[in-house]
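Heads up, the chain below is alone and in the form predicted on its own; it's given as structure tokens.
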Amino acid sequence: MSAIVAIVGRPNVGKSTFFNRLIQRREAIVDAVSGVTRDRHYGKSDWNGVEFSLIDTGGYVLGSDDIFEQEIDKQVELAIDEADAIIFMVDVESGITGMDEDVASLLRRVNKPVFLAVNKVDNGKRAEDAVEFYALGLGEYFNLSSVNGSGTGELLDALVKVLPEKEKVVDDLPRFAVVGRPNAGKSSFINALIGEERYIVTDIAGTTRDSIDTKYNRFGFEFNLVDTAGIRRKAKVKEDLEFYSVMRSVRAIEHSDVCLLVVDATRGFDGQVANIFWLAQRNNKGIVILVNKWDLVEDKETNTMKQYTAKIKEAIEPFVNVPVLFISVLTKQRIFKAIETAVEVYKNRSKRISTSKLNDAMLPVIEHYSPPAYKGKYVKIKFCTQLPTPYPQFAFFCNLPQYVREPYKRYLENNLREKFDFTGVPVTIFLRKK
């Protein structure tokens, strides 16, 4: 599981520009990934081979100017609590403001690495002006320009030196995380599974901070349930704060193989639930969507379930090959089916396909519909292979990979799903030069 780095600071100092620069750096290294702009508050980045998760708190400040301050305080407190390192961004143009001083006083009491980043320093005069930020009492600072990228490397060099190493997973049992909005029924779902049962082997202190892994062994299934629902409540944090949900979900999702996304049927698949879904998808986790409290939905008709499913599928396009189950933890309806489905998704995620079998299935598909010509140039895909990663990634080797467009990659993905069943699992396709 990679470390979490939070970017904090008042509005309009350039946090999101800096964040986007780091995320694009990462995406450019890996490949163009569809849907990466869906959730600009969270992303993966890496520097010198060290991977980390990045949280941009800038996207979470809501409301008018007069409540900015209390919202920022909340977010800084959450970042202090959850992140492994904090980048505090200020703006050389406006100098030190009262809000900067408030944030700095919170950060001075922190026992975590804090990096003071002075943004918009793009000439010698501004470099001289930046000296005033010593007055914040946070020690050394880093001059940078998030627009043109200057100074970013020095900051990242220092940052990756202090990040904790990836945690080792103690056993190799599948890990299922129960995630979702607050009050969607995550705790009740877990209690319905393990509450009165005598099949639990042991409770082990979670390898992720503040979450508990429960080893579950029943009906021939054995796995670790990553429970973030029972994490301590904080008096200062509103349960419905979006940032809170995202910070908590990042930890749980990164440490899991399959995410059981619990949706409150009475509230629907809203933006916050979608954020959590895309977090799981971007981390290449298996996903099962559980629509809870179905018993509370009034005026149900024959097609209500079908219509509800269609709305969810519309919200998660183009990754629609995800199981959607309607459950009630109160009556324990389809609770066991949810676990059965999660086990199937886990198996799909771990599936290995031999190169010969893969080519036997996919080369006729490619022959049937070749990549469209681009500027008079024809793309010929010669062969394909599955990459040795913990989740399904495939490399297709061809003469002109740069001319293969997204719709054709989706065509390949759809055929892979149809022939080998990757239900509930993100599939990544790379085009490589041969």
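This structure is a prediction, so every number in the text was calculated from the model and none was measured. In case it trips you up, residue 1 is the first one in the sequence shown, and so on.
This next part talks about the form predicted together with ligand GDP, which is not shown.
Assess the spot marked by T17, K120 and N183: is ligand GDP within 4.5 Å of a heavy atom from every one of these residues in the model of the complex? Yes, because T17, K120 and N183 each have a heavy atom that approaches ligand GDP to within 4.5 Å in the model of the complex.
One stretch from 143 to 151, 277 to 285, 80 to 88, 128 to 136 that, in the model of the complex, holds residues within 4.5 Å of ligand GDP by heavy atom: Of the options, only 143 to 151 has residues within 4.5 Å of the partner.
Interface membership of R349, ligand GDP in the model of the complex, 4.5 Å heavy atom rule: R349: no contact with ligand GDP in the model of the complex.
My question is simply whether S187 lines the interface with ligand GDP in the model of the complex - judged by any non-hydrogen atom within 4.5 Å. Taking the distances in the model of the complex, the answer for S187 is yes, it comes within 4.5 Å of ligand GDP.
Any non-hydrogen atom of K293 within 4.5 angstroms of ligand GDP in the model of the complex: Yes, K293 lies within 4.5 Å of ligand GDP in the model of the complex.
Is there a heavy atom of E93 lying 4.5 Å or less from a heavy atom of ligand GDP in the model of the complex? Although ligand GDP is absent here, E93 would touch it in the model of the complex, with heavy atoms inside 4.5 Å.
Of these, L330, V160, M99, I353, which has a heavy atom no more than 4.5 Å from ligand GDP in the model of the complex? Exactly one residue meets the criterion: L330.
Which of the residues spanning 368 to 382 lie within 4.5 Å of ligand GDP in the model of the complex, based on heavy atoms? Result: empty, none.
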